[in-house]
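Starting off, we have a lone chain in the form predicted on its own, written out as structure tokens.
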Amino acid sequence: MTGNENLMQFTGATRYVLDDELARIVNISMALEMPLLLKGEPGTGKTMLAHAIAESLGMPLIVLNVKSSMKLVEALYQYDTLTRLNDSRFGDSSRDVSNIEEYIRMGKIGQAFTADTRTVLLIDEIDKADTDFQDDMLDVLDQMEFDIIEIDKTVRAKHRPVIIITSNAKKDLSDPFLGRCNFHHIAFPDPEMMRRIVHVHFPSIDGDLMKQSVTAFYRLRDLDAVEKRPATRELINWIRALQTDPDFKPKQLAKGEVPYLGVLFKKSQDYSQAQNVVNRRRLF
């Protein structure tokens, strides 16, 4: 990697509002070539940060969605034995059946290692994986290489990717894992930050709609016993729905009339609770 790549600075993207602390940890992680572990409740922009970095720095984005049953080798490469078996039976393929390498397909980490340009590698929801997967994966990312045992070949990264790892904190991560990452907790945006985010998505938004929708949103988020609180994406979609309705007026929200609760709440119990509060005009 050249020194110029280390000096690349991320300052935000078209639709990603960045605070100073997050900008600093992203840029120092790139300079130190360390993975950045992001925690925070769903909807705080952890996943979108990787998209924003890729957009801002002009890098391809490769996404590894971690599953609870996933084995590390799946993220590195797959040996397509079924296709090879079919080719050997029917003999109508242009591939050389005796050459196993023709049946090796790169997984997401393998794709990031073999890419001709530096990439952003997003490892999404690492807390779904078991501890062995987490630690073994970081061994590979530290060494920037892995072995394909079927052909006795070592794959080394052409370029060290920018690595973003997300966790919803559903399960504790191991100390060795944590020790090899930089860390940032993305808190849910406060109302002022949320207004900045909304303005990025709706540059021409009516001032009254901005004020009333954000106020109503936070009051709904603060309802007791809500299992899945609405996140930023729900607010954006809700404002979009309000703008689409030709009969809606922002003053309805000030009066406690809150339409389209189903855009904000996706679980029946949460929806019912919000609906009861709104029907009783107890939101304001």
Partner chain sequence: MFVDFFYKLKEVGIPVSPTSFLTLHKAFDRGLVGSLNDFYTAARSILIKSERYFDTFDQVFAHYFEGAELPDYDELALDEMARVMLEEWLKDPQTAAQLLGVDEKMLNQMSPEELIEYFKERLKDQTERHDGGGRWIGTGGFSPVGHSGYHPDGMRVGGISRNKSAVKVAMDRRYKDYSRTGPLTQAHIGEALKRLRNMIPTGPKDMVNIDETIYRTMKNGGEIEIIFDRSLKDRLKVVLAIDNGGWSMDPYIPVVQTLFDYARAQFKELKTYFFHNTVYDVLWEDPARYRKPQKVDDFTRFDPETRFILVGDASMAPYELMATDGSIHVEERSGLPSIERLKFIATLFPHAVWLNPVMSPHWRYTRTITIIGDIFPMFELSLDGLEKAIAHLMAK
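Numbering follows the first chain given and starts at 1. Since the structure is predicted, the reported quantities are computational estimates derived from the model, not experimental observations.
Keep in mind the form predicted together with its partner chain is missing from the figure; the text below concerns it.
Participant: Hey, in the predicted bound form, is H201 touching its partner chain, heavy atoms inside 4.5 Å?
Facilitator: Close contact is absent here: in the predicted bound form, H201 is far from its partner chain, nothing within 4.5 Å, heavy atoms only.
Participant: Heavy atom to heavy atom, is I25 within 4.5 Å of its partner chain in the predicted bound form?
Facilitator: Yes, I25 is a contact residue.
Participant: Although the partner isn't part of this model, could you tell me whether V226 comes within 4.5 Å of its partner chain in the predicted bound form, counting any heavy atom of the residue?
Facilitator: Heavy-atom contact with its partner chain at 4.5 Å: present for V226.
Participant: Is there a heavy atom of R196 lying 4.5 Å or less from a heavy atom of its partner chain in the predicted bound form?
Facilitator: Taking the distances in the predicted bound form, the answer for R196 is no, it never comes within 4.5 Å of its partner chain.
Participant: Looking at 99-107, 135-143, 178-186, 209-217, which lies within 4.5 angstroms of its partner chain in the predicted bound form, counting heavy atoms?
Facilitator: Single hit among the candidates: 178-186.
Participant: Only one of K39, R221, H51, K249 gets a heavy atom within 4.5 Å of its partner chain in the predicted bound form. Which one?
Facilitator: Exactly one listed residue reaches within 4.5 Å, namely K39.
Participant: Exactly one residue in T81, S88, T131, T117 has a non-hydrogen atom within 4.5 Å of its partner chain in the predicted bound form; which is it?
Facilitator: If I apply the 4.5 Å criterion carefully, the residue I get is T81.
Participant: With the distance limit set at 4.5 angstroms and only heavy atoms considered, check whether L32, N168 and D270 all reach its partner chain in the predicted bound form.
Facilitator: So, yes: the whole triplet contacts its partner chain.
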